[in-house]
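So this first bit is one chain, no partners, the form predicted alone, shown in structure tokens.
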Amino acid sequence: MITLVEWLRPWEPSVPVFLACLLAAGLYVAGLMRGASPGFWPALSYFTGVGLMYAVTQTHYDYFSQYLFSAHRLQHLMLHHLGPFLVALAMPATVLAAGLPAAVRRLPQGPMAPLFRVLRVVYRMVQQPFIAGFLFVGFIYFWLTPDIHFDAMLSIDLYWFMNWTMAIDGLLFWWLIFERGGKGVTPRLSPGRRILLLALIMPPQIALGAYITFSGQNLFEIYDVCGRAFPIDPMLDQQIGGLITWIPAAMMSVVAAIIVLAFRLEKDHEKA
């Protein structure tokens, strides 16, 4: 029986992941202490999102994600979908900016200005709707290509690279979807284009999840080579993982579309 302390202890500690989560939480707390007031629900959404991403990478859960296909798919659902979804839904930019030291906030106007201009160009490029949607679905397909997945689960460096790409891409995509703009700032996408983008990413995820679920062969043999976390039929493990890829991942688009519509109705109500 695993104790609570053992469960909370990282299975494969990652200093970069730990520091990223600590920085994300610390900056938000600093912003709150300096007077930013996002409200209870945005703050709860933000900390829940960061907490979920930490929990599936820096606790004993990571052991199951490395030795069970279904647990791995749940891990990526948290890293690529739900965790970033909740962080982006909180729209924390103002709070995080308030938490930054003044010297850091001045960097984009200082000697490092050219670097920040390049980063803004790259950011605008990857946030183009077609590219953002392609990357969002493409990373799922790429890392679930059986040969690539086999190599990623055998190499600790490639494993963490895989997790980082999923988390960063998820944050970028959901930020684009939930971006609300501000005073004098217009969001890049209209509500209609956001909902269209959400609709377009659903069929590929459904197709991949259905293929994995109903495949008659064991697609991910790495879990047989390394051994599963506990005795479970390989095909059942694969089917559960396929269903996670299929249903909850695709349903996130529906939930997001409802939220985007609610944002639009709220804005129309404010104008009335």
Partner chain sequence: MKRRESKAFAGLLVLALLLTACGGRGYQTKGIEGLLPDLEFRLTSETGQVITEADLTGAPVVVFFGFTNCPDVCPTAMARIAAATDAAGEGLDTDLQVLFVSVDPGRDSPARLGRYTDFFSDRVTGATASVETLRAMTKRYRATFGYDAPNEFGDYNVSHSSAMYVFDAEGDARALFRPSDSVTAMAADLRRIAAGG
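Numbering follows the first chain given and starts at 1. Keep in mind that this is a model prediction, so the values were computed, not measured.
Here the subject shifts to the form predicted together with the partner chain, a form of this protein not shown in this document.
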item	value
Proximity of Tyr67 to the partner chain in the model of the complex, heavy atoms at 4.5 Å	yes
Contact test in the model of the complex: Ile156 vs the partner chain, heavy atoms, 4.5 Å	yes
Contact flag, Phe142 vs the partner chain in the model of the complex, heavy atom cut 4.5 Å	yes
Residue contact check: Gly138 to the partner chain in the model of the complex, 4.5 Å heavy atom	yes
Region of this chain that lies against the partner chain in the model of the complex, out of 40-48, 243-251, 207-215, 221-229 [heavy atom, 4.5 Å]	221-229
All of Gln128, Phe134 and Phe161 with a heavy atom within 4.5 Å of the partner chain in the model of the complex	yes
In the model of the complex, the residue from Leu107, Ala97, Met91, Ile148 that sits within 4.5 Å of the partner chain by heavy atoms	Ile148
